[in-house]
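A lone chain, given as structure tokens: the form predicted on its own.
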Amino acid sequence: MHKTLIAAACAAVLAGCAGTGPSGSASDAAVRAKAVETMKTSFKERGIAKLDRLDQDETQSVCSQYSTAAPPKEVAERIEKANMALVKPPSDGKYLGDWKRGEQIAQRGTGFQYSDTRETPVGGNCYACHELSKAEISYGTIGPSLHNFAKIRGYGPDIQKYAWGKVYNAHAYTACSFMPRFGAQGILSEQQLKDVVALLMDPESPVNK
């Protein structure tokens, strides 16, 4: 599993230990320290999966302090602003790739796991959280349905830019999102990001049928 996915799981565990917000009490600090110690003791390096996957960046660290409630408005705004600054547009200014390749990426869950190698094709694992088309018989529901994504929102450049940004760094739009930061964390390449955005935006994509 990729570092950002491991860290997200760690954040969930830490959040469960910390309650609904940072209290700063000694007991909270002790519980969090114990949780980190337990995770680092139980997680062993294997293959390409290294211990640095347990390290949290600033966004993950802040988000892990909130569990049953969303972060306060001012905290959420700070997180979204910081992450929006990390969103980089495509180098050639074109947001769309090949939706057929994007579909393969969305339906593939390989990459960054201990059983993979650095040459293993990386997938987006999108189906684990989203419905992509009505033809699917199995999909996750952690995230909203993406069926008819562009058919509902439109196919114009503003929606293309939004889709790119959302896939690139979801925290820029929804603080403490469960969605991996596919671009900001280097999970998917620029071309892969374009292909996934095309899956969402192309009128011929099964997403929009």
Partner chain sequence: MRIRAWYAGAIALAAGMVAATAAVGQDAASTAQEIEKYRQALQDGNPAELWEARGEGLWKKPAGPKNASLEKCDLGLGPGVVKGAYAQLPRYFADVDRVMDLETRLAHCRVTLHGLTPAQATARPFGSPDNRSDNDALVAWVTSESKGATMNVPSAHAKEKEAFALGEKIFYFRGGPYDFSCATCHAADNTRIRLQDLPNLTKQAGAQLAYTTWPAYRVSQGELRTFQWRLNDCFRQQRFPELGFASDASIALTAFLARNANGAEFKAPTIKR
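Positions refer to the first chain, counted from 1. Everything numeric here is computed off the predicted structure, so don't read it as measured data.
The same protein also exists as the form predicted together with the partner chain; that form is not shown, yet it is the one meant from here on.
**Student:** Within 4.5 Å, heavy atoms only: does residue 120 come near the partner chain in the model of the complex?
**Tutor:** So residue 120 does not count as contacting the partner chain.
**Student:** Contact with the partner chain in the model of the complex for residue 167, defined as at least one heavy atom pair within 4.5 Å: yes or no?
**Tutor:** Looking in the model of the complex, residue contacts with the partner chain do not include residue 167, since no heavy atom lies within 4.5 Å.
**Student:** Against the partner chain in the model of the complex, would residue 109 count as a contact residue? Criterion: heavy atoms within 4.5 Å.
**Tutor:** Yes, residue 109 sits close enough to the partner chain in the model of the complex that at least one of its heavy atoms falls within 4.5 Å.
**Student:** Should residue 177 be classed as touching the partner chain in the model of the complex when contacts are defined as heavy atoms within 4.5 Å?
**Tutor:** Residue 177: yes, in contact with the partner chain in the model of the complex.
**Student:** Can you work out whether the partner chain is within 4.5 angstroms of a heavy atom in all three of 32, 43 and 185 in the model of the complex?
**Tutor:** Every residue of the candidate spot has a heavy atom within 4.5 Å of the partner chain in the model of the complex.
**Student:** Could you list which residues of 156-173 come within 4.5 Å of the partner chain in the model of the complex, counting heavy atoms only?
**Tutor:** If the 4.5 Å heavy-atom criterion is applied to the partner chain in the model of the complex, 156-173 yields only 171.
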